[in-house]
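For reference, the chain that follows is the form predicted on its own, supplied as C-alpha cells.
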Amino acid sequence: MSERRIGFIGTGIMGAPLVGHLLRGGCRVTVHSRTRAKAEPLLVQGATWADTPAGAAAEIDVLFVMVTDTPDVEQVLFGENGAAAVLPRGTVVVDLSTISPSGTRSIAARLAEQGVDFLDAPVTGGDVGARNATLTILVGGRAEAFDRVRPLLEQLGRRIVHVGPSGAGQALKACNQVLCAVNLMGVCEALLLARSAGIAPEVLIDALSAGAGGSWALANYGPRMAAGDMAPGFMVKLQQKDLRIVQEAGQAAGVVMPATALAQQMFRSVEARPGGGELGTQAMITAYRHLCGNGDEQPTRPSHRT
C-alpha cells in the first residue's frame, strides 16, 4: 500500500503535514493547492506539483481531498479541470474535509456512477494531531473501500473508525464539533472565574486537567488562552462553518441545541472584530473578556503555526 500513487488536493495547515507523513511512508504523492507557495516545502520533500485538480488525479490509486466546505469539494471534483473527469475506475477518493452529510451522499452517488468510491473521512485532533499523526479519522462509506485505504489512514492518524455508510463520518464529526464548541465555553468561563479569585490559569490547568472537569480543550487551548496566543490551529471562521453544518443537521432532525447556538454567538462576537475570523478558536475567550469589561486586554497574534 505504501507504494501506491497518491493525489492530494489541499495543502493548508492540516493538509500539508499529512502529505509529509505519506511521503515519509514511501508514497508517491502529487499535490495541488490553490496557492502553490503552500506546497513548496512538500515539493522539496519529494512531492510532485499539479497545476489543476485533474492533474493531481491522473494515474493514481487514491485521491485525498482536504479543503474548506461542501462547494469546495464539489469544485475540485466536478468543476473546471476537476479531478472526477480523469479518475480511473476503481479509484478511492478520501475526503478529509468537514462538509455536510447530505452533500457527501450526493457526491458519493455521482462518483459511484463512474466506478469510483467516495469515503467521507473528516478528522479531529487539530493542527497538533495533524503534525504528530495522532488524528482521529471518522470514516463513512463502503467497508471494502475503507479496508483498501486503511493502511494509508493509519499513517495519518492514531484512531481510525469506520462509522457506517456514506455520510456517517460527517454526521459523527458534527457531533464532535458540538462537543468542541461547548467544551470551549466551559474552559473560558472557568479560567475567568479562577482569575477573579486570584488563581493563576496555570494552576487551574495543572490541577483540573486530569480530573472530571478535564478536557482536550482545557489541556490544549487553556495554556494558549493564558499566554494570549491566538494563532490558529483551527480558525474561528472554519469552526463557524462547521457549526452551520451542525445546526442544519440538527434542524433537519428536529434536535434542539441551545448550547451550540450560544457558542456560535460567542464566535460571532470574535468575528466582528478586524481579523477575528482568522484567529484560533481559543480566541473565544476574548469575547468573554469583552462581556466582563476586560476588552482592553489585547491577545498576541503570532504567525500561523507550522
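One rule holds for the numbers: they count along the sequence shown, beginning at 1. These numbers come from a predicted model, not from an experiment.
Another form exists, predicted in complex with a small molecule; not displayed. Remarks below refer to it.
- Only one listed stretch (157-165, 203-211, 228-236, 185-193) carries heavy atoms within 4.5 Å of the small molecule in the predicted complex, and that stretch is 228-236.
- If you check the small molecule in the predicted complex, you find no heavy atom from any of L63, P88 and G115 within 4.5 Å.
- A residue is said to contact a partner when one of its heavy atoms sits within 4.5 Å of a partner heavy atom; V246 fails this definition for the small molecule in the predicted complex, lying far away.
- Contact annotation: D242 falls within 4.5 Å of the small molecule in the predicted complex, judged by heavy atom distances.
- Interface residue remark: G126 is counted as part of the site for the small molecule in the predicted complex, having a heavy atom within 4.5 Å.
- Contact annotation: T260 falls outside 4.5 Å of the small molecule in the predicted complex, judged by heavy atom distances.
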